[in-house]
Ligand code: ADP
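Next up: a single chain in structure tokens, the form predicted alone.
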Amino acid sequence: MKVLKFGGTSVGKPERMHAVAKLITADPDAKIVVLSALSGTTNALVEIGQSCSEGKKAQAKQQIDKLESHYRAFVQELVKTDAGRENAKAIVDEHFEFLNIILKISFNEALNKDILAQGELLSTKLFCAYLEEAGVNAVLAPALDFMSIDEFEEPEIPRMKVRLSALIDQNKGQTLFITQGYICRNARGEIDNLKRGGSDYSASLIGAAIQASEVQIWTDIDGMHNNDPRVVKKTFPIDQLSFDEAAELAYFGAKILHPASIWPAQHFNIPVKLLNTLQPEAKGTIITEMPNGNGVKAIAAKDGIIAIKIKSSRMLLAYGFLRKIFEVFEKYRTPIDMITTSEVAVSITIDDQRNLDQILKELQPFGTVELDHHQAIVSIVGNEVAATPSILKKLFEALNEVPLRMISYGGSRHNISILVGGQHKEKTLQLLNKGLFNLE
């Protein structure tokens, strides 16, 4: 059985949904299809939740009405028969009735998670309504029945496996299942989610739970590119990556793939394919255990980085100093991206500033703390890149015009990372494209 995930742009217009239906029915293999919310929906739901949290009920009502109008117009083009439109209308009625009810009750974070779940619930139900009209036999498999996270927000794959197996057994003979990405239940049984971009994660977790033959991630670009096509003119898709290479690229900014989506597939050795809904004939990128040769495969950049420097003469010849620093970040569950050290200072980077004030307060006793906002990490990724001297030489020659804040070299054989001011990110990507790929 395969797992196919389609993102918001892949289902964001009625004709796109029609194309997805053709694509999945052309393949006779059994499959679970994971859908994101229609493009723009999650952002709209975030705004509705924000308005409710601020007590701006009239503003929230306007936002709900605007989103509802979009869905009313969407279903008019999605389905064409009277029965199909009646079915789709009932789905829209149900979910916007809920969104209007929230205006009358007290707002809390649990309710906000309910609000955010409406996008995926709508997209999957409307897609199933279209499949029914088209005479395609499919089973709607609610993610809230099998997707769950524990008290630490970690996925419960063994439980998911049991529940999914039971669901598939209950529908013997069925070869097409439709489910939601992103949403799940937490340890309290409440509706929760896997954070933004979580539909990729959902697909990989489902693939792990059912031991899928492959996981396909369908977006609007033909695979992972060697650089960011939004800021670099000449880029090209990469045919093959290893799990390690893909994980580095996803974590350090490649937008096509959610960072967390690699490890479930890697752990169970399930191939992942990155494919293009708009060009289904394109080869895309396949991610497997083995690398496809050495050398630079791609460059990725991550924005919104904060650099923290702790300087203290007490570091000199001291042991245990770094452990104490790291314990502060562990306490506040804040991952560190990069680290460099000297005899009297340590510099680290983070991209999560939710607990920044508390972290800085606890770092103060260790020495002088300096902060740099609006930084960017640029990562050069490929098998054995850190062990290939010529690559390092080309990198520094390419960037002789760019001031470098930090360099991470040797921590991974697959990655060389540099920290630059955010204002230098685009220039850095363009210079590296020329210096490492001979493309301008």
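Owing to the predicted nature of the structure, the values given are computational and were not obtained by experimental measurement. We number the residues from 1 along the sequence you see.
The form predicted together with the ligand is left out here; the points below concern that form.
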item: Contact segment among 213 to 221, 170 to 178, 141 to 149, 327 to 335, judged by heavy atoms lying within 4.5 Å of the ligand in the predicted complex; value: 213 to 221
item: A88: touches the ligand in the predicted complex, heavy atom cutoff 4.5 angstroms; value: no
item: Interface membership of L131, the ligand in the predicted complex, 4.5 Å heavy atom rule; value: no
item: Contact flag, K297 vs the ligand in the predicted complex, heavy atom cut 4.5 Å; value: no
item: D244 within 4.5 Å of the ligand in the predicted complex, heavy atoms; value: no
item: Contact residue in the predicted complex, chosen from R188, R230, R323, K104 - any heavy atom within 4.5 Å of the ligand; value: R230
item: In the predicted complex, the residue from K311, K361, K255, H267 that sits within 4.5 Å of the ligand by heavy atoms; value: K255
item: Candidate spot K5, T9 and H225, all three touching the ligand in the predicted complex (heavy atom, 4.5 Å); value: yes
